[in-house]
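Take a look at this single chain, the form predicted on its own, given in structure tokens.
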Amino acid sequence: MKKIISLVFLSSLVYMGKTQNTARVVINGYNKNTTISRHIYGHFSEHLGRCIYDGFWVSDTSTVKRQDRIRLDVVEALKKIHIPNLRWPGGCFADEYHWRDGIGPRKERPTMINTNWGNVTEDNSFGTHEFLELCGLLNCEPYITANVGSGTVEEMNKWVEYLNFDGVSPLTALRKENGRDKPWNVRFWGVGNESWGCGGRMLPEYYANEYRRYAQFAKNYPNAKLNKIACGPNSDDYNWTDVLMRTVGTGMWGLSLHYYTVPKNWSDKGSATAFDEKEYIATMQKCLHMEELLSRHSTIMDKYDPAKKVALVVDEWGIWTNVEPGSNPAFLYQQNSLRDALIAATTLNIFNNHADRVRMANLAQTVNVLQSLILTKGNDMLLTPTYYVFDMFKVHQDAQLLPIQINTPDYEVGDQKIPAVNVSASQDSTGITHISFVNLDAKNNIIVKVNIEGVQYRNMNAQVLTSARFTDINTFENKYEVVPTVFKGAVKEGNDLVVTLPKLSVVVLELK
């Protein structure tokens, strides 16, 4: 009889043996009941700072390789990591954005003031058609957030019709006049953003009723059934989740969750590049809090939705630090270190292990803002350490989750300690198994002894992402300081796999 191993999430680690700097992992290759949705690996691009303008969208006189004004070096980099979806236009910007301002001849589009992000003038040259053209180039699905805070039910209703209806109506005629004959059939729709905060400062009971009203008039059209995503809680607001699940229940496809890893505090978030080991472990401790958030919100959702029909959509996550010195404080431009790559990998491991409920997520943000994958400077661009994590982890997209048990030593600094190792595993449609490890310990290599049940393999390949210091970054002068390399630290010993994880490392193994 096949041995079935129960899944133990990272929040309930079992410590056994405590062999110094040795972790033990059991992977269950028999119990493949959950798919890791590719949409967990989604991204977010808001009209904020230099994300859209100067990130994706350049001037019409730019000499960078482009299609219309979409810069193609950024597009090609994102295609390489198989970006599955892109969230737009915000963020806080979404609830002051009126979509009709961003269609039609660009020279005739009205300007607006971006009151959330520096009171800069938005010329609306990048609007609905441009965004959907970008998604087409990326071969990804669009995820549009509609304006609930300052918009109307009619406004969302008409936007859905403009994008998704293939019949005869004034809006389809307008779409064709603006250059698009066939509908785009956009299925992912957010009904407002952060309605508890910048999206309207609503109470959960009020927002729940607003969601029901907006969702009622956001229509399904042939070939375009909507996945409506309700505004969910701010980090640990468990009451918000309870109210939404009780009031809306399965009347939504997904419920969002926003959580940022802030190294210090909201008034002084800490530097992206200058921090010591004490601040490093404190930051990683906050990153690991995602495990508790997912577990507790999922428990509430299970009470009202035991069949897990409603997805938990973590559509804003990542590290948020102080801006780079000399940059506009409203533009949220920050560098990206090895620490950030470890945060990305750890968070993605957590998402993978919660894939029964977490079926969509969006890192904030794609280019030049917060935990970016890509930084640009004029015609130049670089890939951050976080980018390479998504490149390494893309193998998990739409693969079958393999449940794990993990026993790990602690990483300790003073009176602070965290689990040193985290891991997730999956098997793709061709039978290839992938295991992603993270060693958060800044001082010690860790040996991981892995027992894999129900998986046969003859060949093994691996990559590692690491560097000498957790503050190491890629710069325009040195773009390849933190990049993946071939990993040779795994050997097969009998039925076990023995992996020596370097300190501060991300390792992805391929077994086939």
Ligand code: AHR
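The structure presented is a predicted model; accordingly, all values stated were derived computationally and were not measured. Heads up: residue numbers just count along the shown sequence, starting at 1.
This next part talks about the form predicted together with this ligand, which is not shown.
Ala364 is the sole member of Met252, Leu134, Val423, Ala364 with a non-hydrogen atom lying within 4.5 angstroms of this ligand in the model of the complex. His258 is the sole member of His434, Lys228, His258, Arg175 with a non-hydrogen atom lying within 4.5 angstroms of this ligand in the model of the complex.
Contact annotation for the candidate site: Tyr388, Phe393 and Glu510 all lie away from this ligand in the model of the complex (no heavy atom within 4.5 Å). Stretch 191-199 is the contacting one of 191-199, 124-132, 139-147, 213-221, since its residues have non-hydrogen atoms within 4.5 Å of this ligand in the model of the complex. This ligand is not drawn, but in the model of the complex it has a heavy atom within 4.5 Å of Leu48. The shortest heavy atom separation between Glu291 and this ligand in the model of the complex exceeds 4.5 Å. Asp441 falls outside the set of residues with a heavy atom inside 4.5 Å of this ligand in the model of the complex. Proximity of Glu96 to this ligand in the model of the complex falls outside the 4.5 Å heavy atom cutoff. In the model of the complex, this ligand lies within 4.5 angstroms of at least one heavy atom of each of the following residues of 74-111: Gly91, Cys92, in sequence order.
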